[in-house]
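Shown below, as structure tokens, is a lone chain in the form predicted alone; questions about how it binds or moves come after it.
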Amino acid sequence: MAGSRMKLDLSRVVQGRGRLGLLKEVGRMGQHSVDIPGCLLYTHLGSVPHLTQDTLHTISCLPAVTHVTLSNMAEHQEVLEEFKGGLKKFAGLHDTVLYCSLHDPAAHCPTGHTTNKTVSVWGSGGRIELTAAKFMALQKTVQPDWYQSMADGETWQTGTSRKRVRKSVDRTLAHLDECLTVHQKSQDLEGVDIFGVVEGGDILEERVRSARETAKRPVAGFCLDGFQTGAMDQALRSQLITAVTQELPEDKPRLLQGVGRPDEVLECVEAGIDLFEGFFPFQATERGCALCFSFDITPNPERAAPDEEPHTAGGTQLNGDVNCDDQTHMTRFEMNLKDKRYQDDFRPLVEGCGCYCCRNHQRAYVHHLLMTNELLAGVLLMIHNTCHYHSFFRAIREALANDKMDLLRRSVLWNGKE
């Protein structure tokens, strides 16, 4: 019978919610561990966009968990079934943990296509309808180390009725029970972990009910869905996440879906979130942008105090476009290297960054590559953005360990990009 081995060892809990620790015995053989707060490695079919495996591994401190989605794999089910070795072997992945979610966090997912028995994913060929039986057949074919249960996550839009939200929670719990029934009887899923999904839209009572009921099931951890950028006001999101995490057991991890902006990540860490999807570097790369926000937690007496008004003198500005209503717009955590101002800027993308791009190339060169549609532009940007973003999570853990979250927040939000 399939069972869970994943264990969470917390070393610190800051202000009752922010959690620092180590997720142990991750993977079928239990050979991996994951630092929390942490971030997954975003991929398409097991491959980080723009990067080969050799290029990827020039980046130090990559996360142990590779994230794949059924929306990218469902249309390849027959090929994977014929291959029989699972996606990890098919994609040439080696020493990594494979996590499988339902939807691609970096892609738009149309709503209005769920029923009591099915959910839909969207691949390059259009919509694919999944029953619980087909969903579980896909998991057996993909052979992940851990996966998200099937869920009805179509209630994130503002104004969704209470009745629809309640139905979403009921459906998601029913889907989880179906998945668990198959999971626990399957030899193919021996040693694989399953995460239950917490839904509930923007209604506190339904969020709490979903969390309580999901926590009663034998799951290894929890996915919090429907909190993505643009789904709701940031203050409401923090309030709901705090309420949800209070209902979840402390010894199991919480993964938040659809949140990637650094300011939002910090808020959610402080509300009790452990793991995040790593799609934000890819989105910045696709915009022709380089991540450039600071996460230095060394005190700077010249930096504005948290309660002072932001200013723009001398190139200093408030990072993060708080009015951004979706995940497609450029934020002020990044620089648009397509801008003409960079055509004769011979500095690295970020001073002091140790990535391959910053050690060997200049902003002007990447600007030239973008303007001439050279494929190398995406490669260099993805190297830098991946390195920068995952270094940010290392800084979060250091800040939690040393009681410096206030300094980290100031660094992220109040710094000059130039």
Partner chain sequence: MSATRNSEADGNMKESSMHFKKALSAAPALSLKIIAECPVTKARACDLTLPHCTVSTPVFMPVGTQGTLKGITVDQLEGLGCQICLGNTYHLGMRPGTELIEKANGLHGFMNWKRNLLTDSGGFQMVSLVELSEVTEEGVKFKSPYDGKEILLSPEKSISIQNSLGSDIMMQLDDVVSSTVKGPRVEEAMHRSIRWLDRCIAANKHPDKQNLFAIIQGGLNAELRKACLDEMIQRDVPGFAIGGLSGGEEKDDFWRMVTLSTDYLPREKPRYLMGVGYAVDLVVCVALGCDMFDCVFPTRTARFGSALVPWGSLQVKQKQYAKDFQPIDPDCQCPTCKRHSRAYLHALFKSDTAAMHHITIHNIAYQLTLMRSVRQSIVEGRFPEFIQTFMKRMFPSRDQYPSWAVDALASVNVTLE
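Positions refer to the first chain, counted from 1. This structure is a prediction, so every number in the text was calculated from the model and none was measured.
Note that the form predicted in complex with its partner chain isn't included here; everything after this is about it.
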statement: Exactly one of R28, H390, H32, H50 comes within 4.5 Å of its partner chain in the predicted bound form through a heavy atom, and that residue is H50
message: Looking at G92, G126, P110, G159 here, can you tell me which has any non-hydrogen atom within 4.5 angstroms of its partner chain in the predicted bound form?
response: G92
- line: Testing 343 to 351, 148 to 156, 128 to 136, 192 to 200 against its partner chain in the predicted bound form with a 4.5 Å heavy atom criterion leaves exactly one stretch, namely 343 to 351
- prompt: Within 4.5 Å of its partner chain in the predicted bound form: all of D54, H368 and V379, by heavy atom?
  reply: yes
- prompt: Contact between E247 and its partner chain in the predicted bound form at 4.5 Å, heavy atoms?
  reply: no
query: Any of the heavy atoms of S60 lying within 4.5 Å of its partner chain in the predicted bound form?
result: no
message: Taking any heavy atom pair closer than or equal to 4.5 Å as contact, tell me whether A235 reaches its partner chain in the predicted bound form.
response: no
task: Answer with yes or no whether H76 is in contact with its partner chain in the predicted bound form, where contact means some heavy atom within 4.5 Å.
output: yes
